[in-house]
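Shown below, as structure tokens, is a lone chain in the form predicted alone; questions about how it binds or moves come after it.
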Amino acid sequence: MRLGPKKNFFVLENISKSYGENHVLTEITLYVNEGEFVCILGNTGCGKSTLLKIMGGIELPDEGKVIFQGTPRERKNTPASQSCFGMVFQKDQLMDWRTVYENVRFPLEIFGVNGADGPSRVEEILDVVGLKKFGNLYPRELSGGMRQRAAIARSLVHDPNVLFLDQPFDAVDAISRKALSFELLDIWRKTSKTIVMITNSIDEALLLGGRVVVMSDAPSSIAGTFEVGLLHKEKTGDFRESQAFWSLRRKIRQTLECRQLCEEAV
């Protein structure tokens, strides 16, 4: 049984960010509940990845506050504080000279998790992502989808508070992407992790997210937020046949297109 969400687990207040004269984010306010799966959706170049880096403590905002578990963040993450987060990127970034098992174990080495719990934790998380039988293989021996599952396992092995995913399936083929999406949904159900995922696919956002946050084009702000909620029980192979899915899909697409047209008219 899943517990109810803990309010104000992760809060962004009036976040703005620029790189020189390039104004990327403007007055972004966003919250994420504990155990929630939030998808952040927007067009290419709108600043989604920058927002995720700020949430993950890799970047600092120029203005605004980042509050994690009630504590304001005043500096970039140290190696110790980084252990609260898991990160998965578009490229799996696996180390080719290490086996799958050794790649997944790497964060435990970095964060100083030693002793008897280490091997059992690696085996446990490999089982969760369906790679328990492939631990002795090297990345070059895996398909693109299996490599991404290994990357997800590596990001979860140290039991982070939050998992961030930045368009993790964009580099795999369409069939693998669909399969990985359902596998990620299953992983979320099994682990109850708080997950924030960047995507530019409306269908993917609706499949995975309990809430979808739509960003405008840069300089980005929040164009709309959509509760998916009731679709979770319908998220099977034929979830796209539901009337609720198509209704939400239309609203999200209209929000994206309307914001683009409004900005072009200015």
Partner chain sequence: MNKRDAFAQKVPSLGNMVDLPVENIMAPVLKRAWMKKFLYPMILSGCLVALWQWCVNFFQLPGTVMPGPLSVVRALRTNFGNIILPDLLFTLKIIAAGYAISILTGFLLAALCSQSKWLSRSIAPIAVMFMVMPTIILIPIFMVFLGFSPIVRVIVVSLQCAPIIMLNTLAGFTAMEPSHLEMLSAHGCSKWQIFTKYTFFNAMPRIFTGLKLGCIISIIAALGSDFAMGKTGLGYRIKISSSMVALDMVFATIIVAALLGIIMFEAVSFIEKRVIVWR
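Numbering follows the first chain given and starts at 1. On a predicted model such as this, the values are computed, not experimentally measured, just so you know.
Beyond the structure shown, there is the form predicted together with its partner chain, which is absent from this document and is the topic of what follows.
Three-residue site Arg149, Arg177 and Trp188 fully in contact with its partner chain in the predicted complex at 4.5 Å by heavy atom: No, because Arg149, Arg177 and Trp188 lack any heavy atom that approaches its partner chain to within 4.5 Å in the predicted complex.
Stretch from 177 to 185, 191 to 199, 88 to 96, 119 to 127 whose residues place a heavy atom within 4.5 Å of its partner chain in the predicted complex: After filtering at 4.5 Å, what remains is 88 to 96.
Non-hydrogen atom contact Tyr138 with its partner chain in the predicted complex at 4.5 angstroms: Result yes; Tyr138 sits at the interface with its partner chain in the predicted complex.
4.5 Å heavy atom contact, Tyr101 and its partner chain in the predicted complex: Output for Tyr101 is no: heavy atoms all beyond 4.5 Å of its partner chain.
4.5 Å heavy atom contact, Leu60 to its partner chain in the predicted complex: Residue-level check for Leu60: no, no contact with its partner chain.
Glu74 within 4.5 Å of its partner chain in the predicted complex, heavy atoms: Answer no; every heavy atom of Glu74 is more than 4.5 Å from its partner chain in the predicted complex.
Contacts with its partner chain in the predicted complex - residues in 144 to 162 whose heavy atoms fall within 4.5 Å: Result: Arg154 alone.
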